[in-house]
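Quick heads-up: it's one chain on its own, the form predicted on its own, in structure tokens.
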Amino acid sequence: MSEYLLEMRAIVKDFAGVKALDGIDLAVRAGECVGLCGENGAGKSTLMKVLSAVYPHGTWSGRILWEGRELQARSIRETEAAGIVIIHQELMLVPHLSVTENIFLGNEITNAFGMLDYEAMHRRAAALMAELRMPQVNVALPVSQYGGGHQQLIEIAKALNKQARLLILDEPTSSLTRAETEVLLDILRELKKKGVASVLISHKLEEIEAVCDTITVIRDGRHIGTRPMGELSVEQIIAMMVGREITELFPREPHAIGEVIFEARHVTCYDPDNPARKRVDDVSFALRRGEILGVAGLVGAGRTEMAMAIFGAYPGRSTLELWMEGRRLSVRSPQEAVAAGICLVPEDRKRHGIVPLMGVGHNITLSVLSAHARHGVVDSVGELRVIDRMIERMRIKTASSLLPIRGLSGGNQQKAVLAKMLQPAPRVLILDEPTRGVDVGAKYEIYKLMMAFVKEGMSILMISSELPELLGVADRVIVIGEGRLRGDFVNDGLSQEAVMAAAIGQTETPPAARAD
């Protein structure tokens, strides 16, 4: 009997002759949590799709052993029957179905007459929610009634209901708050005690360190190494991931900050579903030339709503004044915002940033397509020169600019969206969670690009839920809490504690800390 629950041996997977996986090995014991680490595009998600039969047996080479026996699954249903369940980064829930219906989708309980036994399913769903520390969830309500953190745990309940013995979690905390993340990590620890194994893919290495027993690192589709977590530091994991040491995670560089170039005054956004409620309440701020202005706040504070209103894309009613170099702007749509010199890299790149079936290159030039047209005909040669230049500058990993962008890793998609929004040469660039779901190496590259942008005179408004990132990159930080401006700090010795205190309304911003 093998000591391993799962063994993947010499896995090779290629796409159109390009090897995405080149001889990868992975082994997991029962009750063990293995952290699978690597940069975006390293092959982590591809490897897990091989394991879960998203890519069925026969489309790849190598061997998968499950409890010492060959596993040749040709469908996800077969791997789930074995006890292998994958939870994707994009949740696979049906919003308008109830919590119970989502948990039992495809595995419904029926009574003696062949009818759905809702009473039995509700009981089981409620028991699973209690097991996952969410007894307050009404399992009869639609999933859409609950936030991202609850939905992530509902996905785990769905997996446990399938009698999962190996859970694959792909970036499970990318949309969770710190408190929700702690709950999820505690649940993984409890599952380990019950003998449930897990493979955790996460760019947040502090989470890997907190819960994983073993680390497997892959780079460019190759197996770099597997070692016990106790033998590694976060810095060593990073060096294995990127093939070099990164001595500083936040490469702040000296840059000149000039006069006020942009102002947003009295930004107020009303809830589209409840117009009596303000999601953003009379927020004003100024942005200087060459400045990186960080925006901090808890989830739901109104940061994204404020950015969408400035960009002319807020779905509800909003009122605000925008000024660029002393001239008042009229921005009623994203097209008018781009024309005025304001560009936005959205929080949800898959919904708002890319056209999934369109090629990488065409996504990049989408915002300035008219600039490449003559008499209604696109100059393909000129467009391709711009595309090649941006792919090289942004270090986007793609076999061809013609490949659909949905085939790229999350980090490379993000860099393509950033490249697209640089095309109109904005004076103000709004970055909403620019490194969400992006690995350490790609984050470093994005920070370096931001430093290059501000050196060229661009101004950046950066929204981030990661306080170390804000404090590591921003020149100044404003804090939004419950839709209101609660702090405006120069980032000179600024602490996470001071920002969090302002975010939850415990302290007033000290006058000395306010920006001029």
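All residue numbers are counted from 1 along the displayed sequence. Quantities reported herein were computed from a predicted structural model and do not represent experimental measurements. The term rigid core refers to the maximal set of C-alpha atoms that superpose within 1.5 Å between the two forms.
A second form of this protein, the form predicted together with a small molecule, is not displayed here; the remarks below concern that form.
Not displayed here, the small molecule is kept clear of Ala164 by more than 4.5 Å at the level of heavy atoms in the model of the complex. In the model of the complex, at least one heavy atom of Glu171 sits within 4.5 Å of a heavy atom of the small molecule. The small molecule is not drawn, but in the model of the complex it has a heavy atom within 4.5 Å of Ala20. Proximity of Trp60 to the small molecule in the model of the complex falls outside the 4.5 Å heavy atom cutoff.
None of Gly41, Gly483, Gly35, Gly487 but one reaches within 4.5 angstroms of the small molecule in the model of the complex through a heavy atom, and that residue is Gly41. Here is the short version: of Arg279, His203, Lys420, Lys158, the single residue with a heavy atom within 4.5 Å of the small molecule in the model of the complex is His203.
Note that among 117-125, 318-326, 409-417, 78-86, the stretch whose heavy atoms approach the small molecule to within 4.5 Å in the model of the complex is 409-417. Glu90 shows a C-alpha shift of 2 Å or greater between the shown form and the other one [criterion: core-superposed Cα displacement of 2 Å].
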